[in-house]
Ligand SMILES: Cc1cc2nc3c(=O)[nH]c(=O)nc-3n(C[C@H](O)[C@H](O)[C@H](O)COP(=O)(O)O)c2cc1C
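Only one chain is given next, in structure tokens, and it is the form predicted alone.
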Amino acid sequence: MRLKKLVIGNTSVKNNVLMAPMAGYTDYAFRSMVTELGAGITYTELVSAKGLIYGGKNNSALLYCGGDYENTVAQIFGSEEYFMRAACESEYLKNFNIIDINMGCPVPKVFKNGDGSALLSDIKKAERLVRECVKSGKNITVKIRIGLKKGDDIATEFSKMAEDSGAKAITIHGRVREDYYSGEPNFSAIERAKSAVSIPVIANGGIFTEKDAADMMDKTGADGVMLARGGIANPFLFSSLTGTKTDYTLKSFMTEHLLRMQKLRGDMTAVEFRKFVPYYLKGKIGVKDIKAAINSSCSVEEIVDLIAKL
């Protein structure tokens, strides 16, 4: 694929291969790992703007980035203008150069509150949110889907709105909300949106291989790609796409990831790490017993030993 730097507002991003925000996965431990493998920027898990203003510790903890604000974008969600702008202007987000507004999350508990992809049904409200966040002086970006149901294609309209409202970039997941994470992305919808705006357009959805990334760029004309499940299933895809050299093997990567999680999460590390194991070991031969042992273990030390046996 075509590797290049991105300019988002007043911020220069080292390359155009990005790691998506994924609730429950893209904590600092994982983000720091893929940053080493070459990710241009990574995104925090989506954070409730209202939760930040009300001082929820769990919400602010999601923003922890070890001081690496240069390579980290904070993603917030909400549907109330006051809370969204207040979050952008809060102490929690003061050091982040880029703040992304989630308008694409399909999860029912987010959608039912009128947040995430629910905003795709009300472009006027979405516009007010973007404009209000832009008033904070931050580089505001937006992440959307192409619609809510089959046949929808609002990507061009929303991209124009985002640019006109002051957003500095837009990420388009090439599926509708009811698709969740399955099916081929709608390349032409992303291409039409890209042709309609001058701000960077990042394409997202279904990128698991180097060919997938190249096809996405070629078919959409996008300025960059954003990996999601593909980045978790194969973190080394960042290395191959960006030409970043690494000494990690899968075993050493898994071990280091586990140990970084331990520093971040403490006693719950082993339980939290289990969800990565099906991704990391998918398709690997002769790992059934070890995978089962890891998934029943509550000990970091035991999991380290099990990984060594792979």
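Position 1 is the first residue in the sequence shown; the rest follow in order. If you're wondering where the values come from, they're calculated on a predicted model, not measured in any experiment.
This protein has a second form, the form predicted together with the ligand, left out of what is shown; the following refers to that one.
Using a 4.5 angstroms heavy atom cutoff to the ligand in the predicted bound form, none of 38, 40 and 248 count as contacting. Within 4.5 Å of some heavy atom of the ligand in the predicted bound form lies at least one heavy atom of residue 207. Within this chain, residue 22 lines the site of the ligand in the predicted bound form, having a heavy atom no more than 4.5 Å away. The ligand in the predicted bound form comes within 4.5 Å of no heavy atom belonging to residue 27. Contact annotation: residue 189 falls outside 4.5 Å of the ligand in the predicted bound form, judged by heavy atom distances. Of the stretches 235-243, 197-205, 89-97, 123-131, only 197-205 has residues with a heavy atom within 4.5 Å of the ligand in the predicted bound form. Just one of 154, 161, 148, 228 comes within 4.5 Å of the ligand in the predicted bound form, counting any heavy atom, and that one is 228.
The contact residue chosen from 117, 75, 141, 220 relative to the ligand in the predicted bound form is 75, the criterion being a non-hydrogen atom within 4.5 angstroms.
Taking the ligand as it sits in the predicted bound form, the stretch 97-112 comes within 4.5 angstroms of it through a non-hydrogen atom at just one residue, 102.
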